[in-house]
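Next up: a single chain in structure tokens, the form predicted alone.
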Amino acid sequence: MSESGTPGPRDPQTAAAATPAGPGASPGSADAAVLRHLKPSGRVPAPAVPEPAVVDPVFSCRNVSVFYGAKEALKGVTLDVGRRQVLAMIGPSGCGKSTFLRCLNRMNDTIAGARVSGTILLDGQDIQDPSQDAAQLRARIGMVFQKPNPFPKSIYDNVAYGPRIHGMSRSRSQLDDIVCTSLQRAGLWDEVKDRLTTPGTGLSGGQQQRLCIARTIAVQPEVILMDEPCSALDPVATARIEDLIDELRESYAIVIVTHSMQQAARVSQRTAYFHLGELIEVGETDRVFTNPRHRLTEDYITGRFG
């Protein structure tokens, strides 16, 4: 309540977690919003308490919704991505994690019938502004997919592809330096330096994923998006990728979608939990995992979800 006696603005992340529902709640009331989140046991989730906004975020997203035709897949998400941090997005399948990730580099533009509303600012600039060139935007926001997808080219040409098309090198020696540095930063140089002309598709799964990471960082992005980058890898390869993520965050903002609670706890500084298209909770990873502020988050992390 404001000093004038009129109701003040409500935080969008806590609006749905108002007072417990009464028996006569109307469909549009705050009580009805809580009813929609009741679990079968009848427990009412504890209200989520939003964390302070990130200082000087690389991404600032406000009230972002995504529609596929008439279906609302993402519902009013407000979330910041910090610089030189890893943000892990967790939640059950179909909860909107990957949908939100695709918003950050406008990959939803390629899906027929998809529509994005809300504001997504990259360094203060609206990425959905018609004047924004999507190709240039994606050079600033690298993407690593769930399944390694090296080009059907040599290892060298896989890494050199981006710098070539973006005109980042003026000579072969300069391009050589970019390829070498990128492979070193991806922890792959020592394994492939003697076979740079061989196909990238001939590498092992873990090596292919690191090659894709080298290809991503070769164009010097500001942000790296990772959509379950280790789901197709064995534990040894997964450990290599996680070590690499920890090293890369010193230079990049990283957003990772993962179904592994252990991975989220190991690699991230902040964690966001999604449920049915809504952002339920976001905060420092240690706090979210040890003291979740919403019952849905607690149930998912402890394995009681469902």
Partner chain sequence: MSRRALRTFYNLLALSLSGLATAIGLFFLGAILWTLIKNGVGGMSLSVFTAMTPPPGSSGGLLNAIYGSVVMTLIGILIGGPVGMLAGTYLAEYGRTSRLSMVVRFVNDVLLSAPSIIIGLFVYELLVVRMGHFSALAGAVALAIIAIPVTVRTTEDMLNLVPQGMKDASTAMGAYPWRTITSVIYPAARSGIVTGLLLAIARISGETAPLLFTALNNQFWSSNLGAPMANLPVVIFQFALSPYPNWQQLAWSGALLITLSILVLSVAARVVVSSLAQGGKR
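The structure displayed is predicted, hence computed values, not measured ones. Numbering follows the first chain given and starts at 1.
Unshown form predicted in complex with the partner chain; subsequent notes refer to it.
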query = Does the trio Asp133, Gln136 and Ile141 actually contact the partner chain in the model of the complex, every residue with a heavy atom within 4.5 Å?
reply = yes
query = Tell me which of 178-186, 92-100, 161-169, 226-234 has residues with heavy atoms within 4.5 angstroms of the partner chain in the model of the complex?
reply = 161-169
note = Residue within 4.5 Å of the partner chain in the model of the complex by heavy atom, from Lys153, Arg115, Arg195, Arg83, is Lys153
inquiry  = Can you work out whether Thr110 and the partner chain are in contact in the model of the complex, taking contact to mean some heavy atom pair no more than 4.5 Å apart?
reply    = yes
message = Does any part of Arg210 reach within 4.5 Å of the partner chain in the model of the complex? Heavy atoms only, please.
response = no
ask   = Is Asn105 close enough to the partner chain in the model of the complex to count, meaning some heavy atom within 4.5 Å?
value = yes
task = Considering only heavy atoms, tell me if Gly205 and the partner chain come within 4.5 Å of each other in the model of the complex.
result = no
ask   = So which residues in 175-202, when you check the partner chain in the model of the complex, have a heavy atom no farther than 4.5 Å from it?
value = Pro199, Thr201, Gly202
